[in-house]
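Below, in structure tokens: the form predicted on its own, a single chain.
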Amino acid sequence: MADVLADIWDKILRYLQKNRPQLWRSWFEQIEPASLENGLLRIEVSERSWQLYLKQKCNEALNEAAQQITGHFITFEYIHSNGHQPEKREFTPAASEDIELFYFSPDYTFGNFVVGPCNRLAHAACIAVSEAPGQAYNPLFIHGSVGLGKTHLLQSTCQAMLKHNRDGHITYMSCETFVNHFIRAIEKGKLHDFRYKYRHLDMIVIDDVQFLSERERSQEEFFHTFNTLYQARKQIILSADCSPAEIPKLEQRLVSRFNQGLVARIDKPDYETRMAIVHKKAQMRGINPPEDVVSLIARKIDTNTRELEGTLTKIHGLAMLDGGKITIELARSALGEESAIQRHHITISQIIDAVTETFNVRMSDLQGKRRSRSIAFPRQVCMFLARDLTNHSLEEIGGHFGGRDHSTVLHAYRTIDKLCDNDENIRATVNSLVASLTQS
């Protein structure tokens, strides 16, 4: 019976991986089925965050997979290894009857956060706060555009603090939720309960605090809640899409309070950080995309982490429908690049001819060992264009330039890509070469 159950569970996982790749996580492979009785499949997990992720995010997909595999309707029960069902956390202090099932995402941990120049200060501050809440930086205000990792850092801090202090009383919510709870408390005449529950916390974490804009009474209430917690040396963490002073119609006394701690900005990730993010997201999904696919995603998607993850999910999903192999051609198709037939019209020889004419160098120089800038730079441009405009692998491109290895080609690509971002003249030169090659 155990072998039959293990086989059913394995088929369910494979179905989920193929048909719901956006839900798939590498830790699924560590889950063991406990029993299958009377249409109830019990799943035992070692982490509570896994338990709640399966319950809230995957239950419908698992039901679908089980029905497809067995031909019967099967329900799931998720048991933590200590025998507990998913616990409910009191998430709405406004009224005792308003209880929501809330969980911290298992994806949002410090171990899964990619640190780069764009977010190093915010990351270090969150770690310090999780280790010494109310002492290190209070309040901590993190701001940046959407999809750059603010929520990830906030939830990571909460989870890390709970590991240090399992009995810690933490409330994590969006500012909109805080405002809605406040309004409901007024409507139900339970403002005293609201204030008591919010002002007796060990840590309050409010996401998107810019939602307080133009809400005068909510600002008044939040001001007094802030003061009560701050004076009691309880940790306050806030996030917004802009700095405190830039939040429209926010009372000056709140701006002053928010600025009295540490204000840390998160910027858009650079190319190297985007590469590391794609690698990390792929690792979490149990995916191993080729390096040139990772490079393509990082180059094409330069906005935020969510879009990087969404693109990886799309490529993985297409691959699962097409045999499971992720290729550079599939990635280019998913990103809407020109077809392979169009790309095959451009050859490395044509690229070399265009570059030698533009920079007045010889082909033998590009393929030789000389490393002076007058030769190395045109050579790197050639590699960049070959990587961008042909279907050749990194190894094949390196072979056309004196047998250089794939890491040299990748370094050349990153160098020119960064120079194009920072130097208008170089960007114009490269764009001119691209235009002449594609038009011809």
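Fair warning: this is a prediction, and the values are worked out from it, not measured in the lab. Counting begins at 1, following the sequence as shown.
The same protein also has a form predicted in complex with ligand ADP, omitted here; what follows describes it.
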Practice task
Given ligand ADP in the predicted bound form, answer whether the residues Q22, R48 and F104 all have a heavy atom inside 4.5 Å of it.
Solution key: no
Practice task
Please name which of the stretches 141-149, 228-236, 295-303, 175-183 has residues with heavy atoms lying within 4.5 Å of ligand ADP in the predicted bound form.
Solution key: 141-149
Practice task
Mark S333 yes when one of its heavy atoms lies within 4.5 Å of a heavy atom of ligand ADP in the predicted bound form, and no otherwise.
Solution key: no
Handout entry: Distance check, K281 to ligand ADP in the predicted bound form, heavy atom within 4.5 Å
Key = yes
Handout entry: Any non-hydrogen atom of F211 within 4.5 angstroms of ligand ADP in the predicted bound form
Key = no
Exercise for the section: Answer with yes or no whether S256 is in contact with ligand ADP in the predicted bound form, where contact means some heavy atom within 4.5 Å. Expected result: no
Exercise for the section: Heavy atom within 4.5 Å of ligand ADP in the predicted bound form: which of F76, F359, F113, Y137 fits that? Just give me the one. Expected result: F113
Problem - Listed residue (I287, I277, V355, I206) with a non-hydrogen atom within 4.5 angstroms of ligand ADP in the predicted bound form - result: I277
